[in-house]
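Coming up is one lone chain in structure tokens, specifically the form predicted alone.
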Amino acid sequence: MVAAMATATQSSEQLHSYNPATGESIGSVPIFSAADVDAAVARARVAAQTWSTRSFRAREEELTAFRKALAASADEIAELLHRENGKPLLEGYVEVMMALSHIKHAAERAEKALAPHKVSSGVLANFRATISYHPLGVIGVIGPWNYPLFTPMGSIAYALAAGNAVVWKPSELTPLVALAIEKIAKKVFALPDLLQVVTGAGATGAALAKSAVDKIAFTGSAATGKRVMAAAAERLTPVLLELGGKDAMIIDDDADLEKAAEAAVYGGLTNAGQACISVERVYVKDTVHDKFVDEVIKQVRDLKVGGDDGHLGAMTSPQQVSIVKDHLDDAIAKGAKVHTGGPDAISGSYIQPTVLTNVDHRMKVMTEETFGPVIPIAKVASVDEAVKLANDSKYGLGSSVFAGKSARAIADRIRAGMTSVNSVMAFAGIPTLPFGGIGDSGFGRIHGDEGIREFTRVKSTAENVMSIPLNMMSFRQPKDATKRLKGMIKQLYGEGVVAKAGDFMRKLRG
């Protein structure tokens, strides 16, 4: 059992965390009330006022110390991810490594990403125009259960590097991981309230969304994202939403089929298919379809489910098991063929990896987020048909393409926030690339320079650097001002030759 410590004071209610593989309770945490959440936000506000005044170098030093402390605890964190989330231990270590890579990138990149820069002042040539970035204050982060460390850290690290404080509400299914991170943060950061965790279920998340934070970063389903956005709207709090996906993979007839199959198997089954960027549907050119399917089946049959050394672990949420079964039952009823796994191969929280063919868009498994270890493979007559079907979705998060010379051109046609070419999920592991989607997959970006700027307010400054007779910001104009302006309009914006900068300045100066 894990004894969890937190600072909730208003309620004696406890939330239990269970090992999805065994059903055993591995710890309990307090349920934060709305008053508790507001108090945490108030403490974060005080911390943010100090943290925001620190230099980028000073913040980088503390974030580096935080990263090193997390790395020193990698064994404990990975083991906790294994037990609380249900993923194999190896995947726990992968998640820790990915989270650490983003902390490192955010800390080192923030100063350059947020450096003020000059832009053209256009017609107001006597002004210096500058864009600068400033911390928002307090960021509320609502994290998911499928990647309870890596995903929220994509917001937390970037928000902290940008000069903000963070209040983090983890999923009610994986609160112990968050509390372990908070414990380390309180030891490392000079400001103990810089990163706080508030535990609880939906009511706690709603309280954070309604609180006086300056932005909410939410990861989860589209349905819950809409509720978070509605709650945040009460204070006009901006939101960053990283929601679900129905990621498509397109395979042309000149692709390396063995590598494409390897990517499809990993992309569809890693974390038991419980990734927002899982490969959830595959479109394969008819001339190589059967060969590709045979290779996928061969690789899937080599996988082990369960155990510390398994390739696939337990499903984290019992509710998700029911959704996967429903999608499989629906697909089979409408004519899908099962090659491995299937609804009859579900045992408790374990789902055997399932490969389906003869699938189409009448089926839930091709249109709704399955979020489980299922690889549905559709045969298409052309790449054009594959692209059309890939874009026939309300989602638009990730995607992947396996092809020869035309791979990049195909990728550019897919309606999605991210695409991996001759690979899968690579965009998530590259800290310089912004991560996010369109449509029902949400909006806003984490990771990359855009991810750092996401947690700042943009300020525009126009500075008058010289005096000129023809001052457009004044009623005190020379008598021939109208004549001059008429001439300038024709020269600058009309059909005539555009005036050179020197001629323009001479006209302004009279």
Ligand code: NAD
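Numbering starts at 1 and runs along the sequence shown. Every value quoted in this text rests on a predicted model; they were computed, and no experiment measured them.
In what follows, reference is made to the form predicted in complex with the named molecule, a form of this protein that is not presented.
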Legend entry - Candidate from Leu397, Leu194, Ala162, Val177 lying within 4.5 Å of the named molecule in the predicted bound form - any heavy atom: Leu397
Inset, instruction - Check each of Gly154, Gly143, Pro373, Gly140 and return the one that places a heavy atom within 4.5 angstroms of the named molecule in the predicted bound form. - result: Gly143
Inset, instruction - Among 225 to 233, 75 to 83, 115 to 123, 360 to 368, mark the stretch whose residues have heavy atoms within 4.5 Å of the named molecule in the predicted bound form. - result: 225 to 233
Inset, instruction - Verify the contact flag for Ala248: yes if a non-hydrogen atom of it lies within 4.5 Å of a non-hydrogen atom of the named molecule in the predicted bound form, no if not. - result: no
Inset, instruction - May I ask you to state whether Phe292 is within 4.5 Å of the named molecule in the predicted bound form, using heavy atom distances? - result: no
Legend entry - Interface membership of Gly205, the named molecule in the predicted bound form, 4.5 Å heavy atom rule: yes
Inset, instruction - Report whether the minimum heavy atom distance between Gly92 and the named molecule in the predicted bound form is within 4.5 Å. - result: no
Legend entry - Within 4.5 Å of the named molecule in the predicted bound form: residues from 317 to 342 (heavy atom criterion): none
